[in-house]
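Just so you know, structure 1 and structure 2 below are the same protein chain in two forms, each on its own as structure tokens.
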Structure 1
Amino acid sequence: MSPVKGDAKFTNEVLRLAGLEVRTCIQCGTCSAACPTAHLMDNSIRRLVKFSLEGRKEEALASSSVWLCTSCLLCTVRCPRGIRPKVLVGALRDIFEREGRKDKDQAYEDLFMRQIMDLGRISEALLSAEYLLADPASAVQTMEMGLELLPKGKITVQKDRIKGTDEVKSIFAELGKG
């Protein structure tokens, strides 16, 4: 399947990153049927492949499905054509991030990663408080989750550093995230 319309440069970049075998996709849907998180996705894995091959960049990159892949590889194991849909999802993530795009949950991820880098751990209470300041619209959801986790002892208030935060920072630096 070659791009019908859309951004041929995008399709070529996806194929370069994910492998030319993606072009042999017959759109059978086996990848989507095998996916344990498919019920949470706005677009199935099959549709992400289709969007990519048709050069439908904005639809592919705007899909929250790209971030719901758990890397279980069931899609790859079950694909009758030997395509690696998980690698295609990784390619879409890579393109998304290289373009400096931010998804709606990026603020949370940024705060989470900063805490890991600074403290070597997460303080749920501190993370929740910082996230509420970054995204006040999430207040109800954050409080509901807190009320569920608090009686189970799942919320920590610790904000002291672990030993070895220098090593954690060097890992982030190696990944280009620090």
Structure 2
Amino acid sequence: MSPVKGDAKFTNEVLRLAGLEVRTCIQCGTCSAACPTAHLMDNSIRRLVKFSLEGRKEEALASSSVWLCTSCLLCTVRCPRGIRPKVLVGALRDIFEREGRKDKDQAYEDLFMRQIMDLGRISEALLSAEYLLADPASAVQTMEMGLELLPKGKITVQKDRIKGTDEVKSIFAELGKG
């Protein structure tokens, strides 16, 4: 193992998913400072890039920042090197999930994708209910939101399955394989 490169396999996987241009990062911090949730993060997006390039897999995957990205794309709009840090965060999530790692943040995403695979579309009420089971601590906000939306007729529980679920499944299976 190279003293600088660490886990080269991990680095290569991130580069495959997020683009080779990640290598051109100059650690300027534009992405982190643009990030609306940076103040909540243990490691900034900039550091996730550094970890990824140095093959510091455990540090990268254990960072709370992986799950705090809102996909706002401001990092991507501003990066002076044309890197797409949001896609890098996605790559880390993808690796995390493919390795079967579990986390409360990951649970929501997992449910979300499973529902797309099963139904082709998302039913938010169903999703919230399932998430409630995965993370009981979310009960308060879920209930609060539910109470707000129910009288407005915005909570639909019926399943709404599309015809092309097989195609959707194969998109996940074929395009998502490592």
Partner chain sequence: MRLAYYPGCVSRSTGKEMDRSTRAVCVALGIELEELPDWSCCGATHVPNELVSTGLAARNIIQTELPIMTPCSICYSNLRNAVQRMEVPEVRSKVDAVLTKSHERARIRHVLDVILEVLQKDDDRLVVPLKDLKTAPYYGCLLTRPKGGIDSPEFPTIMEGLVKTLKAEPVDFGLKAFCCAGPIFMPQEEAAADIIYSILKDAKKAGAEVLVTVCPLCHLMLDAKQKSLERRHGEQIGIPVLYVTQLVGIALGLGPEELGLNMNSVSPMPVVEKVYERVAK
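Since we're looking at a predicted model, the values are computed, not measured. Whichever C-alpha set is largest while still superposing within 1.5 Å between the two forms counts as the rigid core. Numbering runs along the sequence of structure 1, starting at 1.
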Selected structure - criterion: the form predicted together with its partner chain | 2
Fitting the rigid core first, would the Cα of Ser44 be found 2 Å or more away between the two structures?
-> no
Is the C-alpha displacement of Lys169 equal to or greater than 2 Å between the two structures once the rigid core has been superposed?
-> yes
Superposed on rigid core, Asp135 CA travels between the two structures a distance in Å of 7.7
Glu124: CA movement between the two structures [superposed on rigid core, Å] | 12.6
